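Read the single chain below, which is given as C-alpha cells and is the form predicted alone.
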Amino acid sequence: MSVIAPKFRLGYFLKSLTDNAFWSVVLLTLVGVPIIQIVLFYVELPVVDGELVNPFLALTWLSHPESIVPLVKALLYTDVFRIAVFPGFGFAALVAAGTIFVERKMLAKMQLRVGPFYCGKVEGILQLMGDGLKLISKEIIVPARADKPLFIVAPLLFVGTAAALVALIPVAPGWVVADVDMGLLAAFAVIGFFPIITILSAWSANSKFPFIGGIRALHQMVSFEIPLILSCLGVVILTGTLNLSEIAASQAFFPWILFLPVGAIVFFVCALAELERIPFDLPEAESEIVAGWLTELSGMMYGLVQLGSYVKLYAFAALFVVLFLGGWSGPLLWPPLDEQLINDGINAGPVSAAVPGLPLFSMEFFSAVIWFVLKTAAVIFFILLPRGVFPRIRIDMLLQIGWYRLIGLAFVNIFIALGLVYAGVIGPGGVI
C-alpha cells in the first residue's frame, strides 16, 4: 500500500512563517522584556560617565549597541552569569553535550561503524538535539510500587550534585563560582554524595535490577574514593594549600604530574571507577542487568541522569587538569592589548571610535581559558578511550584493585611528595 506525500503549498508555508513571527514578537514583548527588566533590578549595574546606570536607563540602552557594551561587561562579571553560564552549569552542560556526540562518533570509528549520521547534514551533528527532544517528549513512567517522591527527586539531586562539583573548579585566574579556601576538601565532600544518591535512587525504584546495580555502584564508589583522596595528598603537601585556584597557580612553570606521576595515574583510574566508565562499568553492565540502577528511569528522568553523568565527567577531567596539568597555565597565545589604544580609541584616517567598556576580557583571560579547555578536552578523550578498547572486569578484581593496589600506590605517591619536600627540591627554600 503506497502512501501519498502531501503536496507543498506556498500559502501554508508563508502562513506558518508569519504565525511564528507573530508569536515570537508577542512572547518577547509580554515575557522577554519583563524578565529582562526584573533581572536588571538584581544586577549590580556599572557607572558610565560618572553616572550610575539604573534599570530603566539600561533597558533603553538595549536599542543602542554602542551604549550597551558597559552594561554587557557588567553582566558578564556578575555571580549570576558565572553560575548559570560560564564557568558554571551552562558551560559544563555544553561540554557534556559535545562529549556525548564525540564519544558516539569516536567509538563508531574505532569499531568500523558510521555512528550518528542522518540527523544533520554534517556527520549527524544534530543527533544530540534530536535525542534531547525525544527524551523530553517521552512519557515518564513511575513504577507502581516505587517510593515516588524519592524516585522523582533522585535525578534532580544527581544533576545538582554534579553542578555543585563544577562550581568549585577554576577555569582561569579569578574565574570560579565558589573560590573557597578548602576547595579540594569541599570537592571530595560533594563527591561523597554520589553513592548516597545512587543507592537511594536504586532502592526507591523497588525493583530487583536497579537495586543490584545500586549495590554494585555503592561498593565501587566507596572502594575507590579512599585512594582518590589519598592520590591528591601529594599535591597538597607540595603546595601547602587546599585552595584549587592556588594549586593551579602554583604550576605556572611546571605541572605536578612531572613530580607525581604515580598520584596522577591513581587519580585517573579512580576517576574512571567513580564515573562508572569501562572497564569499571559494573553498576550498569548492559549485558547483565539491563542498565543497572538506571533500569526503571524513563523519559527526561533518564536524560537528567545522563546529563549529570557527563557533567560529572567534565568535572573530574577539569579537576585532574587543576591538580596535575597546571590548570590554565600556558604560553600567552596573543600579545596583550595596548592600553593607550584602548583609552584613546581607534583612529584610522577619517574613522575614529572609542567604545567604553572594551575590551570585555583581557588577552590573558582568553589564553588561560583556551589552555584550560584544551587540557580538559585531552583528559576527556583519554577517559572515553577505554570504552572502545577494554572489556569489563569482574567485581572481585575491581575491589582488589581499589582496596589493595591503588591504596598502596597512593601511599607511595605521598612518600615521593614528602621526599621532595625534605630533600629541599620543592617547597620553602627548595631548589625549585
Partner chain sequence: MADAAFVALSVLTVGSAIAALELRSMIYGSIALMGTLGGIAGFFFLLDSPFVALFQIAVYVGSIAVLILFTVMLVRRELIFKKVEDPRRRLAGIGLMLVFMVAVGAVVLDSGIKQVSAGGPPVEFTEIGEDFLTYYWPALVLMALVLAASVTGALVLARREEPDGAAAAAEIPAAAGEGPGAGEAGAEGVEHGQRAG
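Numbering follows the first chain given and starts at 1. All values derive from a computational prediction rather than experimental measurement.
The following text describes the form predicted in complex with its partner chain, which does not appear among the structures shown.
Proximity of Val262 to its partner chain in the predicted bound form falls outside the 4.5 Å heavy atom cutoff. Put simply, Gln400 is close to its partner chain in the predicted bound form: some heavy atom of it is within 4.5 Å. Contact between Asp131 and its partner chain in the predicted bound form is not found at the 4.5 Å heavy atom cutoff. Residue contact with its partner chain in the predicted bound form: Asp396 places a heavy atom within 4.5 Å of it. Relative to its partner chain in the predicted bound form, residues Leu75, Ile83 and Ala163 are all farther than 4.5 Å at every heavy atom.
Only one segment in the set 93-101, 312-320, 114-122, 149-157 has any non-hydrogen atom within 4.5 angstroms of its partner chain in the predicted bound form, and it is 149-157. For the options Ala249, Ala108, Ala178, Val222, the residue carrying a heavy atom within 4.5 angstroms of its partner chain in the predicted bound form is Val222. The single contact residue among Gly299, Gly192, Pro279, Pro143, judged by any heavy atom lying within 4.5 Å of its partner chain in the predicted bound form, is Gly192.
Taking its partner chain as positioned in the predicted bound form, the residues of 202-222 that bring a heavy atom within 4.5 Å of it are, in sequence order, Trp203, Phe211, Ile215, Leu218, His219, Val222.
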